[in-house]
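Next up is one chain by itself, shown in structure tokens, the form predicted on its own.
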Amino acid sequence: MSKIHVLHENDEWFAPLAGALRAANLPCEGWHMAEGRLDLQETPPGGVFFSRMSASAHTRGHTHSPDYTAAVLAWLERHRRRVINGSTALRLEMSKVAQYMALEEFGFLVPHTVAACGRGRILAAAKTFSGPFIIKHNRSGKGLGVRLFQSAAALQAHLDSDEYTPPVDGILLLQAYIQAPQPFITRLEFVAGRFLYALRADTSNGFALCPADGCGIGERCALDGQAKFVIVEEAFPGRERYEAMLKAHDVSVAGIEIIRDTRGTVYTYDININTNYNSAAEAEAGISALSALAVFLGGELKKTRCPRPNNS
């Protein structure tokens, strides 16, 4: 039977999506990518394949899941299966450098960033920043490795401490710190390649901003006691260009993070291909990204069952 196959490595993140698909009476199956067996001469099953591979997979002991997923996606795409967030999207998920290049190609402003590999190169890069900067892992999620520093000396002390966790791909990013007038960033959610809503996330307690219920990030803001995640009516520039950028990279589902500085300048600094949603914020706003995603995936599944006639 044709169904929706979801490639993932985190049961906790997969469960809400599976629930939404089943509530919509859509047949689905999870493919856990922590391990597997792939006979390249076999033909893939029918249906729609949705990749939810995460750049933070290694933090859950699934270091090789992205590589295995890349192999499976190559196999599926060779057989012309309908793949949502396929190989091109996976490349963006696994590299912030690739994300920044994609954003700059479409005219978005990205904070000044230096990619460095090796301790000496990292410290040399830090000395080129005249003001505060942050570090982050090139392959990361959930705010992995993000720290704020005021000087190269402070970074050197951190690198020498037990608190430093080397990036899994060896590439550390140093990025100019963007001072916002209030401690908030905005996350723009896209489903079926179209903007769905904007989520405000409080940063006063740090840079770990995964909105998924399973991430267990604090429910309240540190400053005013309001909810940490709030869906807002917020105008932002470049909506059509964001959609065009996602389309150019074959990305149908994503969360894009932006920040405004004290002068109102907008910077885009993260693309979450494996995006998650906050149920409390959605309930308050009366909107559900998972429901929208189920409608989209259901429509794609219907197309595979009713292919267009060949008029050639």
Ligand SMILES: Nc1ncnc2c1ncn2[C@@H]1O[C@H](COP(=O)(O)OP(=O)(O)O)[C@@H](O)[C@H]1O
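All values derive from a computational prediction rather than experimental measurement. Start at 1 and count along the sequence shown; that's the residue number.
One more form of this protein should be noted, the form predicted in complex with the ligand, which is absent from this view; the next part is about it.
- Contact check for Val146, Tyr177 and Glu257: all three have a heavy atom within 4.5 Å of the ligand in the predicted complex.
- By the criterion of a heavy atom within 4.5 Å, Leu76 is excluded from the residues contacting the ligand in the predicted complex.
- Contact annotation: Trp31 falls outside 4.5 Å of the ligand in the predicted complex, judged by heavy atom distances.
- Although the partner is absent here, Asp270 sits close enough that one of its heavy atoms falls within 4.5 Å of the ligand in the predicted complex.
- In the predicted complex, the ligand lies within 4.5 Å of some heavy atom of Ser140.
- Of the residues Ile171, Ile134, Ala126, Leu188, just one reaches the ligand in the predicted complex with a heavy atom at 4.5 Å or closer; this is Ile134.
- Stretch 177-185 is the answer when you ask which of 177-185, 114-122, 81-89, 68-76 has residues with heavy atoms within 4.5 Å of the ligand in the predicted complex.
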